[in-house]
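The chain below stands alone and is given as structure tokens, in the form predicted alone.
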């Protein structure tokens, strides 16, 4: 029987595929899709007799830290987190992210919560996955209005971490650190290189082996809906209710 795959489930599946070699994945606040992806990767690792630690700051159950973000930052600085997710009000072609506001700083047209620990995590976590559902010229800009965390650094700056991927609801990009540029790698269903180009302000390269995102198979959907959905309902109940009615 053909399953009706929801857009959120496809994005969760895409992110989970990027976590298969990790030992510790951490997820910050306001991240239900990355959180679900991390728990899915953990469940699938368990089936393969592998161990994956998942820390979700917004959760009481799936968070071993007792001192909140400060403990997370210490763990990351010690090299004990493999992947972390970051987003941004704006993301540009050099993977700079803006979490501060829109307009010319300091007289911003619109102010947002702020950078928090994004710059630290961007520098010390080996794999940063940028995630922003909205794919539009207002979010994927040529140049961010304010750099909360830089995507690239000078060669003489010690930086073991940095951006590896950018996933939106339309496409998956890889980031080329040497070229300081994104590479379009996968397209969501019904998307084309032309539609992505029209909806992205910054320039990007195109993978010669570009492919379409593959829907999760029946086994993965079963795990996601039966086991992961109730887990997500603990820390994002409204999201779990809307997507899975749990």
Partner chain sequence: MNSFDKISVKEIVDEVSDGCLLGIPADYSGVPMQFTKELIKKGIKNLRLYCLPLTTIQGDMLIGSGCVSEIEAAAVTLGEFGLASRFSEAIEQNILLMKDSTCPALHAQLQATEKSVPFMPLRGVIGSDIQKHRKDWCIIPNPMNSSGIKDEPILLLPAVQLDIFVFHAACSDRNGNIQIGRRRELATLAHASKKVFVTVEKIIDEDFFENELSAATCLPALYVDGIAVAKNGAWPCALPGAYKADNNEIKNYSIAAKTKDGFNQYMKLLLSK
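Keep in mind that what you see is a predicted model, and the values were worked out from it rather than measured. Positions refer to the first chain, counted from 1.
One more form of this protein, predicted together with the partner chain, exists but is not displayed; see below.
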- prompt: Can residue 185 be called a contact residue for the partner chain in the predicted complex at 4.5 Å between heavy atoms?
  reply: no
message: Using a 4.5 angstroms cut-off on non-hydrogen atoms, would residue 67 count as touching the partner chain in the predicted complex?
response: yes
field: Proximity of residue 50 to the partner chain in the predicted complex, heavy atoms at 4.5 Å
entry: yes
field: Contact of residue 195 with the partner chain in the predicted complex (heavy atom, 4.5 Å)
entry: no
- prompt: Who in 116-135 is close to the partner chain in the predicted complex, meaning a heavy atom within 4.5 Å?
  reply: 116, 117, 118, 119, 120, 123
